[in-house]
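Next up: a single chain in structure tokens, the form predicted alone.
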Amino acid sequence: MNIENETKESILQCDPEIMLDKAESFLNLMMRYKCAIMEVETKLNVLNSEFSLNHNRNPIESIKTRLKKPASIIEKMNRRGFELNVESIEENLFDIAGIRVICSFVDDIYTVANLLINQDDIKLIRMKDYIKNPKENGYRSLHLIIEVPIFLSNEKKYMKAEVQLRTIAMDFWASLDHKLRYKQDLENPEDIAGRLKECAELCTDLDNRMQDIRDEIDKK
């Protein structure tokens, strides 16, 4: 199903009172968020290429992007009690456009983040450092909420996007944690949570050891 049909069907199914003309406005909003993703991804690819030329290595292993599904947007807006219209969505939801940056080493995360937010057309809205201050369950990542300009046929508009930066180990742990935690009818959830946190600590140790090895090699 293409994005136009998915958007219209999702809106009409989740709230029958919303008419098709509002679905068209929502569709336009989703297009703009998609453009924001492309802008950020392009910037990251350029920074990665330049860093590779100057330092003979790439700080970014891969980039993953996702556009939040219309049904998820509607559900989140309803759950939080926000009015369901384009203006309210833009004002209250910051994670519709999502970019996940997988880096080789922990210091690469901060290097890439700084290079990105120091660009003169990027506006940093919020930063949450779950690497220096991990969540209780062991989750680690650097989260940025930014505004990036998109250039349409008749206007320049700033759109919000969420950028998550992780190492390979952090991303591996977070992906498996998400899959395991959403299993239904677990008999021993506390035990599983404890073991997952131990795995997070092992991933942290691995990241630190790999960073130390790279630093030692770079000194020679």
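Predicted model, so just to flag it, every value in this text is computed and none were measured. All residue numbers refer to positions in the sequence shown, first residue = 1.
The same protein also exists as the form predicted in complex with a small molecule; that form is not shown, yet it is the one meant from here on.
- Interface residue remark: residue 66 is counted as part of the site for the small molecule in the predicted complex, having a heavy atom within 4.5 Å.
- Taking the partner from elsewhere, residue 178 is found to have a heavy atom lying within 4.5 Å of the small molecule in the predicted complex.
- Interface membership of residue 80, defined by any non-hydrogen atom within 4.5 Å of the small molecule in the predicted complex, is confirmed.
- Heavy atoms of residue 162 reach within 4.5 Å of the small molecule in the predicted complex, making it an interface residue.
- The stretch in contact with the small molecule in the predicted complex, judged by heavy atoms within 4.5 Å, is 128-136, chosen from 146-154, 83-91, 128-136, 110-118.
- When the small molecule is considered in the predicted complex, only one residue from 35, 174, 47, 29 comes within 4.5 Å through any heavy atom, namely 174.
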